[in-house]
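Next up is one chain by itself, shown in structure tokens, the form predicted alone.
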């Protein structure tokens, strides 16, 4: 199966590091013209040197900046809402600031960016495809991740509403729900050996995901090969949810 995007323009948020960066590389290798959005200019510059993408620097925690960044992206055929943060805190210690910041980036920014991009897709009448990067944390409770789990549960529900309302415009919307993925953020959150070992015992394949594993799933869902897949939450979890 050959995935080819033939010059279609793809916007990827949270593109500077980890999963987002690998998604940009995978889409560029498949012929997409990538627009990379991140808050760190140095990351964007190095990515542009690597794959020749367009870049936009913005902090998606700021609602106005999120809208402006999406508008600056121009005409977009493929959207990957990947930007996300995790601030590990126990339930009783979760601060209002950490909760609000997590929801602003992981949920609100997805809504705002998608509103801008989807309106453009509808106006052009050619449809499109959107993938939201969620998590297995949307389906199971994980200690010390109250805000993160809440945000990913909300993101799954937002994905379903997007699919319901955008489907009639031939805009497909799906989510990818990875297990722990070995990005800098994942390494930080799961650096404790005991915590790490406990999670690994729940994954039948016995390993955490790599960014490329998620990128491959995203590329498939964006492609014409997934033309009838709409409104799904696809686990990329090594069998975690099967246990």
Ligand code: NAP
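Numbering follows the first chain given and starts at 1. Keep in mind it's a predicted model, so treat the numbers as computed, not measured.
Quick note: we don't show the form predicted together with the ligand, though the next part is all about it.
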Contact residue in the predicted complex, chosen from 70, 36, 60, 27 - any heavy atom within 4.5 Å of the ligand = 60
Interface residue in the predicted complex among 154, 85, 111, 98, criterion: non-hydrogen atom within 4.5 angstroms of the ligand | 85
Using heavy atoms and a 4.5 Å limit, would one call residue 105 a contact residue for the ligand in the predicted complex?
-> yes
Any non-hydrogen atom of residue 19 within 4.5 angstroms of the ligand in the predicted complex = yes
Counting only non-hydrogen atoms and a 4.5 angstroms cut-off, does residue 203 reach the ligand in the predicted complex?
-> no
If you check in the predicted complex, is residue 133 within 4.5 Å of the ligand, heavy atoms only?
-> yes
In the predicted complex, which of 89 to 97, 119 to 127, 75 to 83, 160 to 168 comes within 4.5 Å of the ligand (heavy atoms)?
-> 75 to 83
